[in-house]
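Shown next as structure tokens: one chain only, the form predicted alone.
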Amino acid sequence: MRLEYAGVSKEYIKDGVNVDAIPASARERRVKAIYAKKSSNMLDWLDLPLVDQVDVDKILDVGEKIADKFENFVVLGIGGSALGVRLLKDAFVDSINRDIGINVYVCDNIDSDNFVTLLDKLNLKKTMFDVITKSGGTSETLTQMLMAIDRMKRKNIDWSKHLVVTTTEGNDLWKFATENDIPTFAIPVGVGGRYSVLSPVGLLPAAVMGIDIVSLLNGANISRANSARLDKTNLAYTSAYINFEMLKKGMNSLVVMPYSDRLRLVPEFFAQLWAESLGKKVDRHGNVVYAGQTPIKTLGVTDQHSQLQMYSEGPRDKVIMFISVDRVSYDEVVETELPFTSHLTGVSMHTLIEHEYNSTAYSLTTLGRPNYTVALDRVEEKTMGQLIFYMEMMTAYMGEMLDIDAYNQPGVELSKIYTKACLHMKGYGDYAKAINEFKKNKSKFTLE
């Protein structure tokens, strides 16, 4: 993996970044603070690539047994408990139309049209449900689990044989699972949901899908070592510094644009990391700062034809992070020639997408629109592990530069509190009164 930053350099754009001038003392302080876990007690995700071989073997064993025994594998989770799984599924199964011998579904919402119709079509006797919630109390995920149990009870299916639970050891869900002899996998306490894809949250579904999780972890280890470097070759730190400097210059949005369908869900995965980690009202000292840089999800070449006009000539408030792929697993050269297509004859599809990417990056640079590229050799487990851990580390370093807590989520928690109030949970009565009053008054501001 490499970082190409000509499009943000002073040589090419006004008010560009001088990567050679990154303050060395600040970099050393921040790198050491992260790896010493001084910034937060939620930095155990740093150690996920170092997982014990015994744990890997257990995941591989259970994953293989599920794939051999069942026709369907349904992941029940939301947010960080699902996005990483969706990313891996799309990159290694869906985007290359791979037949893995088992149907894998990731249910990351509680839209009843979607979930009820899925349950209707599944042969539940041949379906395994993976219940993923770090807290063990996520209302959306527990609702999905309860509905699946309801269906299996009606069909006289021993539902305990059709569940596996991934959660924090010792919570109520864990106790429920152990009491019912349901297989369990532990999420370390110091690993937040959005940083959990390299834990059993992502590794078990990956094993079911036949993805090489050992190579995935090895790739993450490569990024882990790179991210500890104390010079500009620390790709995660240098990338964070570029974004930080661009944010100070008014670039309030970060556009993520991979040039590979196999990476089309990377922007969605990254968006949660970046938005939930960095969007904070106060800094570590309690000062109101309203920090953050808004992530924008795109796909090259597709969004050249829908959003590039805005990035080229719209407000100067965006920096673009391209993700390119040097080599592909499958490619073909155009052989047919028509009178009006001679320029395409002899050109492969991957060559064309490379031309599209280079032309887009160059055009934005000539227009003074900052952009840089994360380049992968090819899309495989090792490089995906590298990319995932790089993005996590870039987020961590950006949090250090902004001097905010990149691991809490008070804005999300507030919404959860109001949802519990709506469900009449004990202790949330005052919130329930307030939200009910708000719902009642909405009629004054409604047009039909």
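Given the structure is predicted, the values throughout are model-derived calculations rather than measurements. Throughout, we count residues from 1 along the sequence that is shown.
Not pictured, yet referred to below: the form predicted in complex with a small molecule.
Although the partner is absent here, residue 416 is a contact residue: one of its heavy atoms lies within 4.5 angstroms of the small molecule in the predicted bound form.
Of the heavy atoms in residue 80, some are within 4.5 Å of the small molecule in the predicted bound form. Taking the partner from elsewhere, residue 272 is found to have a heavy atom lying within 4.5 Å of the small molecule in the predicted bound form. The small molecule is not drawn, but in the predicted bound form it has no heavy atom within 4.5 Å of residue 226. Heavy atoms within 4.5 Å of the small molecule in the predicted bound form are found in one stretch of 118 to 126, 333 to 341, 87 to 95, 193 to 201, which is 193 to 201. Note on the partner interface in the predicted bound form: the residue among 302, 143, 103, 135 having a heavy atom within 4.5 angstroms of the small molecule is 135.
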